[in-house]
Every structure is written in structure tokens, then in C-alpha cells.
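Here are two versions of the same chain, shown separately as C-alpha cells and labelled structure 1 and structure 2.
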Structure 1
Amino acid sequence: MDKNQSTELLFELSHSGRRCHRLPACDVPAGEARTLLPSSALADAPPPLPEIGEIDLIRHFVNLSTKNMSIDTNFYPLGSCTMKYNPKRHERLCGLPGLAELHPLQTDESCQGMLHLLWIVQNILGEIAGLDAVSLQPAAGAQGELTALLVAHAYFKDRHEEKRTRILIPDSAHGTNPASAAIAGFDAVSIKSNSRGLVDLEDLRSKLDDRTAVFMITNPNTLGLFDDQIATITELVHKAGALVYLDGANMNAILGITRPGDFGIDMMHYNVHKTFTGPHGAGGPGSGPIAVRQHLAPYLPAPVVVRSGEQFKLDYDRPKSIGRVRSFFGNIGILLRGYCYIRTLGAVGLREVSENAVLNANYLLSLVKAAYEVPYGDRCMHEFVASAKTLRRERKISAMDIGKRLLDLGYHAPTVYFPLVVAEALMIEPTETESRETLDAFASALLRIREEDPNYLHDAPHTLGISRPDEVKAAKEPILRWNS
């Protein structure tokens, strides 16, 4: 089978005069463009887009699609990303015209069904978080973080505590945490991890003071460990007059098991596309709602959905609100999928999600630890971080080599070289939707790789269309567009 066609670019397939989509003739008597607009505003010619017929267009993209690994084709244990199965019914239901063809600025009276649904989503996310108020506006987790930090900033300003300019962040945190802190106008201060991979309490104590605004924690953390010191941590932070933020990237481990609000968290974001299975779309769309305690609710972005009697409306009358972080209400398409998912599961099903995610991760850990170091213990939550440090020293096999070779064997690679606190990290998150057979086969692949010829591994993958792209060249001589 020759798939070379799909490596040609759209622009190389272009032939003058070809087209796919056709438009109807104009059915109104208005004049042509040059009679309606001044010539100074008009371009001489339309943009030089490619010209392609329909069958060539479809073959191009369908052939391209076969060059991807995806959840629907391969096990995808990408740590921290929660690559669980995306139920097909969600795609169909979100396409209902009564949902997909709603304009964002139509009147509240004309979209009561949508507002009712979003109101329920607000309540459910509040209940799962154990927190009082929810904003569905942020478009992704990183925007949720930024939104919550802006809320914290407004809260402290309102209390005349502007001296609180620092955000404390564990060194194992996602890179978005310090980046969001900087944009929100804070200084990021790093907190060490201890020998158990948890927050170093001494370091936290030494850096907590009246300049601290927020302590950001990911719990379970990026090593897949639940920080059992959390009650002490939140007490310490609250005593210092600061707030505790939870990066909710790892909520898949604790649904219905424990609630952030119950362990002292003041605000958090969800990654609906991870925990509640919006498809990841090759890098979005996401959805990053935030949940907060009552005293922070006045600062949430506007609008929120409120109920009065049997009517639902968008409430913009929020004088202390930080404003808005995007246009329109939010990434509704992902929120709808999250709603479908939660409604399919109910309370028992949600708890089972986390039980099975943690069971699968621990089972895989127990299989893998025979051949790979797992620096932070024998138990994990929904994911764990193995290390190829010794393998690298003894056999010159790196985490990258292992990841690339897994592709040959039909598995997407784990997250590699993150978190930064583990050398040669392989961050593995199987999720609850995988069968035992899949986990067994994946573990066998990992065990097999460590015995393979290092030189063979350095050149892996061997069976995909390409192997080891030159990333240095890509960055040094950037080619970011096709040129004729």
C-alpha cells in the first residue's frame, strides 16, 4: 500500500481551478463587492489558498489520520493526561441541533434547556470538589489556574492585603503553575519535595509568611502520590493567612473518595477533557472550570448561571467579579460531554472510575517494578513514575529510547522527562478504561525492551513512517510554514 500521497502537503496537491465546496448563486439584487465597498478596502485577489478537489482533499486527510496514534487505535498511557476512552454517544449527543446550533448571545429565555444543563454542571462540579461556587468559563486547565489566581489577587486586594505577592509551588508541579502565577501578577517561589516525593514541610514552613498569597498543590501529585500531610499543609497555609489552590489534573484518582474542599482546598480547577473524558482533539479543546469556597465566589468571572424559581439566567451583576477571561460562556462542547459522562456514571460509577484507575495503575506498577526502578514506592494512585536512570547508566538505554521503542510495539509512549524531580522519568497513567490483558501486554513490552540491543533502541522507532526527527534543526532554522 502506497501512502506517500499523504506526506505531500495540501499546497503540493493544489491545481489551479479545482475546488471542493460550491456556493449558490446570489439571490438578492444588491450590487457586487466593488460597488458596495471602496476599492481601498478591497484586495486585488483572494488569499492564495490551495485549490483541491473533494476526493483528493478527503484522501489527504484520511491518510494523514492513519499516521496518528490515538486512544481509539492504541493504548495511550501518557501520564498526567488521563487518556481514557471517549464514549461515542457523546459525539452524537453534542451534535443535536438544539445544542450545537445555539448562538452564545441569544436571550436567556430562548435557551432554558442549555442554561438548566449548565446549572446542573455547576452544581455537580461543586459537589465533587466539596466547594461552594463554580465558574465554567475557563477554556482549559491553564486558563483555570490563571482565573483562580486572579480571583485570589482580587480577594486579597479587597482585604487590603496587597503585600501578599508570592505564590508557593512545589518543584514537582506542572509548568503551567508558575507561568500562570507570573501572568496573574505574582512571584513564583519553588518548594522542595522530600525523600517521599511529597511536599517538604520544613521548606514550606520556612517560606510561608505574610507575603504568601497562595500555595498551589497538585494532589495526588505528579508522582502519583496522595500527599497524606495535606491536612497539616492546609492548616499551615491558612494560619499564614494564605489560600490553598489545587491543580485538579489528577482528579481521576479521587472522585467520590475524597473531596478537595474536605481536605482544606480553597480553590481548584478541573480538566474536564481529562477527568470527564472530552476527547483531547490532538491538543484541545479542553475545558478548565474552577470551584471555590463561598468567600471567593464574589470574584468569579461573570456570568454564572443562576436559578430563580423554574427559570435559569446568566447573572452578570457581580460587582466584585474579576471580569472575564474569554469571550462567551465557556467551552460548552466539552462541558456537554462531561455532563453526559457524569450522567452515565452516577455516584457509584464515578467512585468506580477512581477505584479502577487506581487498581489499574497499581497493577501495572506491580508488573513493571520487577524491571524498572520506581523511586517513590510500591503504591500509587492513578499513575506512577518509573525511572530509567540505572538502565541508562548500565546499558545506555534512556527514557526516550524506551518511549520510542514502545511506538514500534503499538503503544503510545508514557510522558517522558516529567516530573523534573525524577531522572529519566517515565510517567505512566493507564486509566480505568483499559483491560487487564492490555496492561499485561504493555508490561511485557516494557520488560522486553530493557533486554534489547541499546543501539537498536537508539534508532527506534523502526516501523513508523519516520524516526527521530531532528528537533535541534527544527528550532535553529525554524520552518513554520510551507513556501512555494
Structure 2
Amino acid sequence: MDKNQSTELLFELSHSGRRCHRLPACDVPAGEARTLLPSSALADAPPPLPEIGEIDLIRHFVNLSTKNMSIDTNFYPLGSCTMKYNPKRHERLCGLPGLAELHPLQTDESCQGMLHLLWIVQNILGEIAGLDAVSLQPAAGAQGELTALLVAHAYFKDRHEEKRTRILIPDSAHGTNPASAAIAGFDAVSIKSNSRGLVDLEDLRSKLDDRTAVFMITNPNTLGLFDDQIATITELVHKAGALVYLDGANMNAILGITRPGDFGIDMMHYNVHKTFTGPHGAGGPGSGPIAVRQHLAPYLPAPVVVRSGEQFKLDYDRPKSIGRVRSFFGNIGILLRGYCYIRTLGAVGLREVSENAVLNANYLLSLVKAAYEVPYGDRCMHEFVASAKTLRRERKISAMDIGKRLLDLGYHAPTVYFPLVVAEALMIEPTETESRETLDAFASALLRIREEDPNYLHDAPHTLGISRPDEVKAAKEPILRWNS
């Protein structure tokens, strides 16, 4: 491929003497500067930075940006990660000076407005969850899981029940669930799914005992199914003296319709950047606050925002707290976007979010189920899992081939090969923000790919700068710096 301004590095575009701006002459005499700084801090020559004109610089970055897929440019049917549109109105609101220019080290007295807002967020998230207390500290869903399990650990230790060392987790769970359990010091025990894709109650009963600390469940689960056994599940777990944790990654399917606390959940996390929108991807930013029942509240991370009369403050006086899990107070920027989203929509609007997410997923499912096998039912919640198993057996077309070919057609690939309970899985989530026309076009793309030549699909994508890099090598041997 011929190099151009979007593929060359700034160092390669550099020409001596070119500038975007010119700095004024130094007003500190050279000799005096050397007396102010130790000689070890002074360089013998300027750093070898690129030298480039402004128009070339602008074109470089604008052209580079067109190589990225983003929710602003492409449909992201990314199951389990809820890649939905982030309203730009909320970006403007969060950029207001009174919010964006606060410093995290300011005193409580000097940022009462922000503390009041965060106090409201705590209460709103508690109300939506049907739970009593909230910590806004965790920086992402996985850290929310870990934080809640550390709260559970502290709770059982306080009750002298240290023998509760096991976390029970369905085999369809997100991979972060067993990882969080292990990091929190627990042993993860897998619970099988039944023929309906739900928790196998007999397997759960056989593994529940006085060693069980927590049962973690995602509901709706990663197959896009609401487990209608949830009341029985929570009753069984509570009778064993254990806690029930909800992985709240899929809350956008039940907002305003049902509350986890009402069907027996003791603690949960939100993905604010997913359920309530926010810039998402590229490793962040994220926010994963947790909500818990009252008897677990003393163990939440400190501080939390409390109200005393008309004043708000950060409360550090929490002797049973597990301590901080995040610098300062958490990812305030994402919490603010979540607040704006919730206040924009209100209670009725949040319910419509769930209803439209479920409607869109079922509509898309109806368009593709005749061409792609859907192992678990004709109906779903916010997402569904199709399978390329039959295509792989009959035509040698894999889920990976389908995902890579979609890139040629202007769509991000859905999640592939997860959940592990479905062979050749294609996990598809349209979210509530996509139009019918977008869903129709995406379904047409899937149907087209199914009929294409397998050998052509094996080499997809064909239109991008690279096709199928060695991802393992790229992860193990990354090239992170330019060498001339």
C-alpha cells in the first residue's frame, strides 16, 4: 500500500523548520536558568520532536480518525457490551465550567453542588435497583463485581463465617465473574445451564452448602433470556445463608420494568457507561457503582456522600468499610453523563429504553432466525445468540468469517464465540437507539454473507488496511514506539 498522510507517522512527515506555532523567546537568561535547575535536569539539545505544518497535522489526524469504527459512524451490534449512542447533549452539559473545572482535592464546602448531584445519583441508582445503599467508587463493571465480593467477604468475616469461601457462577456468565471471585479470594464453582439456557436448579441445589458465600447471576443472562426461576433461586441461596449478586451488565433490558431488589438480589453493579450511556470502548472510560441491601451498607467503600441538613459531605467515618477501591471519588465524568441521561428520560423514558431494546432485538431475531440457528428460543430480551455451527459443518463458514466480512460491509462485528455454551456463537445486541432501517440493512448483510463463497469469506475483510493480523503476536510483542 502506498503511504499517505493517514498511514505515515508524524516523524515520517516531519521536515526541519516547519511549525504549527512559534514560542516566544525565553525571558529567563540562559545562565540564570542553569542556576535554577540541577545540571542533571538540563538537556544538551532539544528533544527530537516532529516538525510539521498545521494543515498537514490536521489532515493526518482527521484521516487517521476515519480508519476507526465508532458508534458515531457505524452500527455496533456488540452483544453483552451495549455499544449504544451517547447523546451529545450530555457531553455539552458535563462540560459546563461548574462541573468540568472542579478539582478533586477541593474541600466539601467549596463543591456543595457536585456533592448534592452525586448524592442524588446514589439515591436514583438505589431506587432503580430496589436496594438501600450505593457506592459510586468502582471504575468499571468488573471492578464493581470485585468491590461487591470484597464487601461480601468483609460481611461474612464480621459474622465469623470465614468458611464461606465458594462463589457459585452459571456457565453462561461473563468471564469477569470467576475472575473477580478469584481476585477476591474465593473459589469459583460453575453451575450448569439447563436445556432452556437457564440455571439448572438441580445442579445449583447439589452445590449449595455452608461453604457458599455468593451466587452470581446475570439476569437477563448472556443468552438474552430472563431467568424466570429467579425467585426460586434467591430463596434457595438465602436458605443456605448465602448472598445473591446480580451482574448488572444487562440492566438495559429491565429498567423501569422490574427491580433486582424486588426479586431477591442482595447486591449488584451497574455499568453506567452502558446502561445509561457514556463514551465506551478503547478500554474505557467506565463506571461500575454497586448497590447493596442495608445489612451490607457498613462495608461499602469509603467515602460515600451523606447529607446533614442542607449540607453534603464525604463520609469517611465508616469503621467496617473495605476502604478505597478508586482514587478520589470515582469516574465523575461518566457518573454525570448517567445522571443527565436519567434526568432527561425520567421514569417513563427509562422503561421505554428497555421496551425498545427488547423490541429491536426481537425484530432483528425474527429477520435472521431462518438463516442462522438460534439455539435458545424464538424470543429474547435485549440480545440474542445465533450460531454458525451448521454453516461451519456444511459450508466451512465460521463465526469469525462472518464477523470479519461484516467489517467490509460497514458494520462492526458482533461478539463472537461467547457465551461458551453456544458453539460458533454470534452474540447480537442492537440496543434501543437503532432505527428499523439500520436493523433491516444489518439483517440483509447477514443473509448476504451466508450465501457468499466460503473461500472469499476466509480472507475477509478485503477493504481494510489489514485483514487478519496475528492477534496473539500483536498482544505479546507490541510495537509501541517509532524507531528511525
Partner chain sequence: MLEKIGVASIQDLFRGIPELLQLKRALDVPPALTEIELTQHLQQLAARNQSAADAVCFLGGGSYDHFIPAVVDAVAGRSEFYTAYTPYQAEASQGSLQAFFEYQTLICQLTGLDVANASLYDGGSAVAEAVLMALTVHPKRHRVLVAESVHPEYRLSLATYAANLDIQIETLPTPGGFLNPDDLTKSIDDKTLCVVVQHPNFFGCLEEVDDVARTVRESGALFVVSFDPISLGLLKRPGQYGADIAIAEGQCLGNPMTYGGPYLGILACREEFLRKIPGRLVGQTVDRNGKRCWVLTLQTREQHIRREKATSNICTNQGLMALKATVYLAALGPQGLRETAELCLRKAHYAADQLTRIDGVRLKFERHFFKEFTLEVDDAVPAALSRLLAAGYHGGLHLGRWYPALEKCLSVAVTEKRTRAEIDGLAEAYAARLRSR
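Between two forms, the rigid core is the largest collection of C-alphas that superpose within 1.5 Å. Treat the numbers as computed from the prediction; the structure is a model and nothing was measured. Numbers follow structure 1, counted from its first residue as 1.
- Only structure 2 is derived from the form predicted alone.
- Taking the rigid core as fixed, one finds a CA shift for residue 69 smaller than 2 Å between structure 1 and structure 2.
- Structural comparison between structure 1 and structure 2 after rigid-core fitting shows the C-alpha of residue 473 displaced 3.8 Å.
- We note a C-alpha movement of 8.4 Å at residue 41 between structure 1 and structure 2, with the rigid core held in register.
- A C-alpha shift of 7.1 Å is found for residue 23 between structure 1 and structure 2, based on superposition of the rigid core.
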